[in-house]
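Below sits a lone chain in structure tokens, taken as the form predicted alone.
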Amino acid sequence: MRVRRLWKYYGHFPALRGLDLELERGRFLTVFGPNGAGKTTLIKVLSTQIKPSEGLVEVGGHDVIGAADRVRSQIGVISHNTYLYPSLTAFENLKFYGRMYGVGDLEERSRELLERVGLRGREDDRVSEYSRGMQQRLSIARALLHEPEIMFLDEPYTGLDQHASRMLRGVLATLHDGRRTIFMVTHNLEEGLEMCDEVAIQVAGRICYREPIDRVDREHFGDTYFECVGGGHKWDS
């Protein structure tokens, strides 16, 4: 993953301001930042949901504008937005996305993932009947369906109950195998530090801090974080 001088404007306002970032294949990077730091905007650019205003952005060796389809075939996204169809059942949602990605043995793969996220027995229920936590679990299954090489996680623990949070940690531990690249943004320090290889802090559209996890003082990382964000100063989004 390679980002050079990335700018993203909403009207005249720059949500990302000349941001630079590189992430080697197989690494797990957690980006922390307050609300309004531009974290979700960054994930949306990297995952081809929105286009950058300026700069170079390559994911999996492909340009996010010129080769967006190739990028999408390699990535999975877990977000507080589930990207599910509420009028369809859980199984129908997975079949729909699976066909889009050309997943082989789709029925078997779908049932395997439903089991993995604890939704076997509820696969024929409409998503509109699911709790928020159940919807988030199904969105995790959806993101993993085509076995992506790169995972983007945007505040993935939002709306999860304790059971689902444990399940997500287990999924991340399985994915963190040195082959898949994982990029997570969050404001939750404890969850974000749990299993990453590298840590970054994003403030006002820029990366202002980055270190490998083995050089981070976990006990005092909160002090480092609040120093970077200005001791609670409210940054523009």
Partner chain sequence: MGFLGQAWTIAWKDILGELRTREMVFSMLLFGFLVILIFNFGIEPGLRDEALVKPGVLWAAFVFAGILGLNRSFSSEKENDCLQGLLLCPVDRAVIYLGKFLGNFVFVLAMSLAVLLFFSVLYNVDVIAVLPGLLVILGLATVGFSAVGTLFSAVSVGIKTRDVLLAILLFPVLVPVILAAAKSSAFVMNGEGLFAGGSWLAMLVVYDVVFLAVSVMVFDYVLEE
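Residue numbers count along the first chain shown, from 1. Please read all numbers here as calculations on a predicted model, not as lab measurements.
There is another form of the same protein, the form predicted in complex with its partner chain; it is not shown, and what comes next is about it.
Stretch-level contact check against its partner chain in the predicted complex with heavy atoms at 4.5 Å: of 185-193, 171-179, 44-52, 30-38, the positive one is 44-52.
Shown alone here, residue 121 lies farther than 4.5 Å from its partner chain in the predicted complex, counting heavy atoms only. Contact between residue 99 and its partner chain in the predicted complex is found at the 4.5 Å heavy atom cutoff. For residue 126, a non-hydrogen atom is located within 4.5 Å of its partner chain in the predicted complex, even though that partner is not displayed. Among residues of the shown chain, residue 131 is not one whose heavy atoms approach its partner chain to within 4.5 Å in the predicted complex. In the predicted complex, the residues of 80-113 lying within 4.5 Å of its partner chain by at least one heavy atom are, in order, 81, 82, 83, 84, 85, 86, 87, 88, 89, 92, 96, 97, 99, 100, 101.
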